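Have a look below at one chain only, the form predicted alone, in structure tokens format.
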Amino acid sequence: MKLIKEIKKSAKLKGKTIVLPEGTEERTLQAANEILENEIAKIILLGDKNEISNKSKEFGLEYISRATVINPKDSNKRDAYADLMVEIRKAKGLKKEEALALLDNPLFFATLMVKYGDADGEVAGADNSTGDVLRPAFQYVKTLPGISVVSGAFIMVLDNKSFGDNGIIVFADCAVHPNPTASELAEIAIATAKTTKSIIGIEPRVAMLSFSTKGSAKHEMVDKVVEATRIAKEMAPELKIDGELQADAAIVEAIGQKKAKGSEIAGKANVLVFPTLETGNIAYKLVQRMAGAEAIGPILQGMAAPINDLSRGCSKEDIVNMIAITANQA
């Protein structure tokens, strides 16, 4: 797919370092091998060096030798990372010996590598639950300044090129936050615009979706979207954003200009921000299945550094793509 090729090309130019805490997992090793072969990013693998070496030979992965391999249990950075953990969690009463014990877990060690600046991003989840991947990220990396909520975006690639930006539209939040407040929804809109620009390289045109367009319906759920749009414009005045808009008014130009005359977003949106998680999740799955769209994600956004979660059913290609996306986020 052309978009993925462009994302990989962009990542290659950036030269970022991505840490993979599931360094002995077969799909992860295969993905790392492909990333290193094509020089898309630099790779750090966490795990036992002998096990990684033996598995690489078993699977015929000749480029794994280019990776940096670290065993969290004997790294010379353990003390520095533990001190940082204690500093961040001192209000929670974390002791250094407890921090050192947590660093035996590659998911915690990888997160601290990112926090300390020894890696630019992290990808995990092929062998761990979402909760286990994100817990250390929430505790130690936390969110961007001015952003209080983490959300999940999907890049939707449609055959019909009349929608979005040549058939590309970004949906959010489809993965994380069930019922955001108006201010949280505004933050999601701003984070999704940033994701759109940094990963796809297009100028975001953000539509705040509702079942109402410009006052056509009255309800507290509509009020939330209207307020979120106002807050987002105040927080990021340079952002091209409009709302509240119904979905057809956001993506079909003739309808958009009829329902929201004069709007520079209506009918031209390439970013759709949904009022709740259920609407976003339902919408992306329907578009994926019924329109045959490619759904790339979820891409976690709002974190102070890029940490992305995989499905445990992911393929090698999924991991390769997510590493490239994470490198672009960084």
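From a predicted model like this one, the values you see are computed outputs, not experimental measurements. In this text, residue numbers run from 1 along the sequence as written.
Although it is not shown, the form predicted in complex with a small molecule is what the next lines describe.
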Heavy atom within 4.5 Å of the small molecule in the predicted complex - residue from K240, R89, K214, R230:
R89
Going by heavy atom distances of 4.5 angstroms or less, which of P178, G93, G146, G117 would be at the interface with the small molecule in the predicted complex?
P178
Within 4.5 Å of the small molecule in the predicted complex by heavy atoms, the stretch out of 42-50, 284-292, 260-268, 63-71 is 284-292
According to a 4.5 angstroms non-hydrogen atom cut-off, is K142 in contact with the small molecule in the predicted complex?
yes
Quick one: does L277 come within 4.5 Å of the small molecule in the predicted complex, counting heavy atoms only?
yes
Does the small molecule get within 4.5 angstroms of any non-hydrogen atom of T130 in the predicted complex?
yes
Interface membership of V157, the small molecule in the predicted complex, 4.5 Å heavy atom rule:
no
